[in-house]
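Here you get one chain, nothing else, as structure tokens; it is the form predicted alone.
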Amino acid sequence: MQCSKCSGKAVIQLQHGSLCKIHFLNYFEEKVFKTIKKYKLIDRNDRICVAASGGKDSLTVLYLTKKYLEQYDLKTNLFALLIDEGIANYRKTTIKDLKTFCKEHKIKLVIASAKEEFGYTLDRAYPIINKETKKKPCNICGVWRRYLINKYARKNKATKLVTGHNLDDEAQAIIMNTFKANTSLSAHLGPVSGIEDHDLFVQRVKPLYFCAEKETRLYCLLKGFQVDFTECPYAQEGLRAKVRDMLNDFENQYKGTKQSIINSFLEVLPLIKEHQIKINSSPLNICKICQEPANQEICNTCKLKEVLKNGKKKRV
């Protein structure tokens, strides 16, 4: 293939043409920066926490967030936050990659450990919780990660929480919520997560919102980032994996399917948010156990901790 903009060799074929290495890198970075500007994801006085795992998406968004701040001379503090769930033969590798990356780019790294916070790694907790609740590892991990990311971002005085969610991730979430009739969850999607601001929640933003997974992967490779592309060993057990494969099949047959899902969703998102605000008149609760924000009297994380506590008693 030949680049649509020059005579160079193309490295990727997109829906509207092929691009060489230089033009692809420029295209990708410009798309991310346009997203940040259009949706006002970063303000001049923000202290930014980038939720990083050491994978391709988080390294890319961490690098480009830093580059954006430097390019526009924003005197904003930036640090990376990694959640160590305790997944054998997976997380240690990504932690190593992220430490190397942060050292090279002079970025502060904060690590929060599930083992230290809850007394269990995910590997140890999953069999106990699953026996009592039938919850899959991705359900448990999601609860833990959301809890720890928000808690430690706030603890480190972050005003914005940047995540590496890309176009594929968002399209999958939209379809999953549709399958499960989770309109309330869909209201929290979009380039800026959430419905209304709250002091206990650090606002989440997604600079890679319009970037396809294959684009992020290629950007990582072309930039030479040290990253392990190994998938989490639990990933295939969740609904997301099935929805991902389904959307990939559709994308292969009908180019632009994922982008169309995103575009259609963004048109109705303001209505979904407005509806959710109207029907959800009750104020946010504070967990009576840990004092973190919760939808009920006791947050989901503390409920899981109670299951682990009861499971330990039964074993004794």
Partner chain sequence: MNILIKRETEQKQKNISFSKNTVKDLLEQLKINPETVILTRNNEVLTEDDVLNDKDSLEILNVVSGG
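Numbering follows the first chain given and starts at 1. These numbers were taken from a predicted model, which means no experiment stands behind them.
Not pictured, yet referred to below: the form predicted in complex with the partner chain.
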Could you tell me if residue 251 has a non-hydrogen atom within 4.5 Å of the partner chain in the predicted complex?
yes
Any non-hydrogen atom of residue 47 within 4.5 angstroms of the partner chain in the predicted complex:
no
Taking the partner chain as it sits in the predicted complex, is residue 120 in contact with it (heavy atom to heavy atom, 4.5 Å or less)?
no
Contact flag, residue 13 vs the partner chain in the predicted complex, heavy atom cut 4.5 Å:
yes
4.5 Å heavy atom contact with the partner chain in the predicted complex for all of 57, 213 and 258
yes
Option touching the partner chain, based on a heavy atom within 4.5 Å in the predicted complex, out of 185, 195, 235, 111
235
Ok, 104, 116, 231, 132: which has a heavy atom sitting within 4.5 Å of the partner chain in the predicted complex?
231
Any idea which of 145 to 153, 177 to 185, 120 to 128, 213 to 221 reaches within 4.5 Å of the partner chain in the predicted complex, heavy atoms considered?
213 to 221
